[in-house]
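The chain below stands alone and is given as structure tokens, in the form predicted on its own.
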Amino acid sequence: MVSLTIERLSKRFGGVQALRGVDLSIESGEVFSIVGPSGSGKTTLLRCIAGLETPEQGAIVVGETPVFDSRKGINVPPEKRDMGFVPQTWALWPHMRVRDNIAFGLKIKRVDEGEINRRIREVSEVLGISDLLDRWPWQLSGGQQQRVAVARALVLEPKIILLDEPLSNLDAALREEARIWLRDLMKRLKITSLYVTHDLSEALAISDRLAVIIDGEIKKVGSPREIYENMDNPDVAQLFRFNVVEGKITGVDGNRVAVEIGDGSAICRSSSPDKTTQGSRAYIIFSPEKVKIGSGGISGVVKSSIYLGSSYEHIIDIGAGKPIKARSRTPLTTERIKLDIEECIATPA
């Protein structure tokens, strides 16, 4: 197992700055995810690490060995970085059987035939695809093709495995199943893994830690629980479908603040107590699950309701400049309601 360190990594495509001085430290054996919206730079970052794109500046260090360093003129070719890469499309060769698809990288490296067969046997047993080795890719289901793509990366016995949205082509039921076995596989093999996805629930489910990237910048890093329960960045909060509204600080008591929102108020935890003053403006961040409907000091008008199966999601205008989302177990029978925000974070606007 090895660690992965990324320092001040920047990449530009023409007039577009895709990465802006990215710093990350990924621990040995960790399952680490990069999550962000389309065009945020997450795949570009992964391709730079793999050696498929060349950054303008920065450094990439595997263990203690630099594979890229703009100042020292180091740029190790992709095939010599000891990394496995699983692309979003899986990219299986249609004219090769499963066995040959898995062996492709080993044959390019001129690995001995006996060693190739040994590795194929071992990785196919681990992934449960031993009975598929003589099939063609078109004879496989999406889930089976995905396992073959992972096998092709693992058979190289890489120090690090890079996965670019590997579950995005699966249907919802298969994705949930694949999250479980893929995380279990990476932890069982004790391999350092960097996983890119735009699916927030996938990132939360599969990661030891994750980083949120927006517009080429890392906005937040932490465990899934740390990020979800300390949502103090408006950009990250909107990505995770939290409510973000602007309000006025009307009272300060240590790290607790009273905030005027619409025609009511809420008590929030301050993300920056030293920067929070009475009368200042702040972004109020809270989950739809933290909106208590039916009582409280905030008035609202229900604009729409959607049944999600386990709950109803409501869009409610509270006069704060933009509507908020709230959830309840039962449908709302009135248009005008009272509500309370049970838990929120205030961060300087």
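Quick note: we count residues from 1 along the sequence shown, nothing fancier. It should be emphasised that the depicted structure is a prediction, and the values quoted were computed from it without experimental measurement.
A second form of this protein, the form predicted together with a small molecule, is not displayed here; the remarks below concern that form.
S.K.: Given the small molecule in the model of the complex, answer whether the residues V16, G39 and T43 all have a heavy atom inside 4.5 Å of it.
M.R.: Yes: V16, G39 and T43 each sit within 4.5 Å of the small molecule in the model of the complex.
S.K.: Closest heavy atom of T276 to the small molecule in the model of the complex, within 4.5 Å or not?
M.R.: It does not: once the small molecule is placed as it appears in the model of the complex, T276 has no heavy atom within 4.5 Å of it.
S.K.: Does E165 reach the small molecule in the model of the complex if we count a contact as any heavy atom within 4.5 Å?
M.R.: Residue-level check for E165: yes, a contact with the small molecule.
S.K.: Tell me, yes or no, whether Q144 is in contact with the small molecule in the model of the complex, where a contact means a heavy atom of each within 4.5 Å.
M.R.: Q144 lies outside the contact set for the small molecule.
S.K.: So in the model of the complex, does any heavy atom of Q88 sit within 4.5 Å of the small molecule?
M.R.: Contact with the small molecule, yes.
S.K.: Name the stretch: of 31 to 39, 318 to 326, 289 to 297, 304 to 312, exactly one has residues whose heavy atoms fall within 4.5 Å of the small molecule in the model of the complex.
M.R.: That would be stretch 31 to 39.
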